[in-house]
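Given as structure tokens, the chain that follows is alone and in the form predicted on its own.
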């Protein structure tokens, strides 16, 4: 999940550029602003796991642009990203959210209902790998968003690829680890896991990949 708040400067962009980018992008509406504020108020420092507003807008744009109908989210937290993804789906679309926290997702449930999206979002509490592995191995999903424990990214990705349709997108957050992916000698388990994951994706011939400097780094993998 993101290491950035809604107004924090990006650690991977030149000073002031993050503020300029957000100032020249569509702003979050009142519902998303309220969700971000409630997350900060109730969870304090943990709220840094919430994605940035610019990434939320991008999720909606991508989901809508590819005509996504079936989506999966790995790591829901308090619901900001799920609201953004679901808004990009049609009325009969379906978003499966995977998370392990009843506490955090209880906030999400309230905002799904307020946004009129609760009829297209399904939440499953439990280990995400187990939830995904229990799904039929059929290429029917259009979009997936991975934003959970970094050491399991490769596991989630490997489970998702065969379940994505040709042309479907797997989006992966925190791919730059606040720029620390450049530390070849890092002993941090999360950084090491992301470094290995990024290397694996770059040579995966099942997908076309681009890593963007959005928020804390977003990888987009399009299944071939």
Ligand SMILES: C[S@@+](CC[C@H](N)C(=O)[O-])C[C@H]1O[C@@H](n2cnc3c(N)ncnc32)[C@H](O)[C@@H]1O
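Quick caveat: nothing in here was measured; it's all calculated off a predicted structure. Residue numbers count along the first chain shown, from 1.
Missing here is the form predicted in complex with this ligand; even so, the following discussion is about that form.
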Checked 148, 107, 89, 121 for heavy atoms within 4.5 Å of this ligand in the predicted bound form; positive is 148
Only one of 183-191, 22-30, 157-165, 49-57 sits within 4.5 Å of this ligand in the predicted bound form by heavy atom distance, namely 49-57
Please check if residue 126 has a heavy atom lying within 4.5 Å of any heavy atom of this ligand in the predicted bound form.
yes
Any chance residue 93 has a heavy atom within 4.5 Å of this ligand in the predicted bound form?
no
Can you check whether residue 99 is within 4.5 Å of this ligand in the predicted bound form, heavy atom basis?
yes
